[in-house]
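Coming up is one lone chain in structure tokens, specifically the form predicted alone.
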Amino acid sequence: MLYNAFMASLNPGDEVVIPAPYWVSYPDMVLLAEGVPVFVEGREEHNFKLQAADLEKAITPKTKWVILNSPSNPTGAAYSWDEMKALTDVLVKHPHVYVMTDDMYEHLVYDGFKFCTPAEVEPKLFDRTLTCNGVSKSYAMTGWRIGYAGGPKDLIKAMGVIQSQSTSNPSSVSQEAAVVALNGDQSFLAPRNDSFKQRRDLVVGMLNDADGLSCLTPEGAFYVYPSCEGVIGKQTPDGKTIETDSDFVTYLLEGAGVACVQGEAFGLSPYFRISYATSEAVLKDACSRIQKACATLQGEARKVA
């Protein structure tokens, strides 16, 4: 959906503001549509969330879109109503800028967090907001390949034309299954979220107990995005120096048998992403292996510039 929107709306050289860390596909979608990705860092002290002042600085006369993903992949960070309102207040001042919101993890939030989306927070943006969602995450229907979007009529029509000529159309069986998921009994969501919250808390706690790692507690999704700055500069048992987050996740894979994704892939280092969408037994084992792997590193960490 996002790619179709870019293909339908971008002219060569149009800019798309992408908060980092970001889902890995966003920049490539923009580039394929001949746009220009503009990255704005969401810093750890702000729980990786885009700040209004930074958004304001990033907008130029060439800006066409701003992407917002809440809750986020890879960090799990989600914007509260007030945090979202600060961003929409900036966007209202720039009538040439559209907002594309990726709400795929809408129902995966914890600790009483209240999800909100830009067009809901600021109705003035309704005519220039594309709200994207799907059934893959909240309803565990990844294989059905169904997403949906709401936005300006002309844009949706143009996206449909591109979709029909690129990947054909979603099957009728998948569409019917998605309708049942969206309109059916939603009571399973709360206990399912409780299970995810327990897994989140388990992973966050065990990672924070690992030498050299620190991990924030995310508001939603099923990812954590811990910092590995405290191991940069240390040496592995076989004498290799951990220079980057890519080195660290390679060490975890080869030395501990744990697969993670380096923060470099998401546009912000030195971090790495872990998914906790699996059993508690697997998570305990994986985090124990990470703790042991960190404990075997030697030497002193160095400050990352």
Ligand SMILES: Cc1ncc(COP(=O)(O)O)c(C=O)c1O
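On a predicted model such as this, the values are computed, not experimentally measured, just so you know. In this text, residue numbers run from 1 along the sequence as written.
Unshown form predicted in complex with the named molecule; subsequent notes refer to it.
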Please tell me which of Thr117, Ser174, Gln163, Ser136 lies within 4.5 Å of the named molecule in the predicted bound form, judged by heavy atoms. Ser136
Which residue, Ser214, Gln198, Thr142, Ser80, has a heavy atom that falls within 4.5 Å of the named molecule in the predicted bound form? Thr142
Choose one stretch from 23-31, 43-51, 56-64, 247-255: the one whose residues place a heavy atom within 4.5 angstroms of the named molecule in the predicted bound form. 23-31
Answer with yes or no whether Tyr223 is in contact with the named molecule in the predicted bound form, where contact means some heavy atom within 4.5 Å. yes
Test of understanding: in the predicted bound form, would Asp102 fall inside 4.5 Å of the named molecule by heavy atoms? yes
How about Ser227: is it within 4.5 Å of the named molecule in the predicted bound form, going by heavy atoms? no
Hey, in the predicted bound form, does Asn73 get a heavy atom within 4.5 angstroms of the named molecule? yes
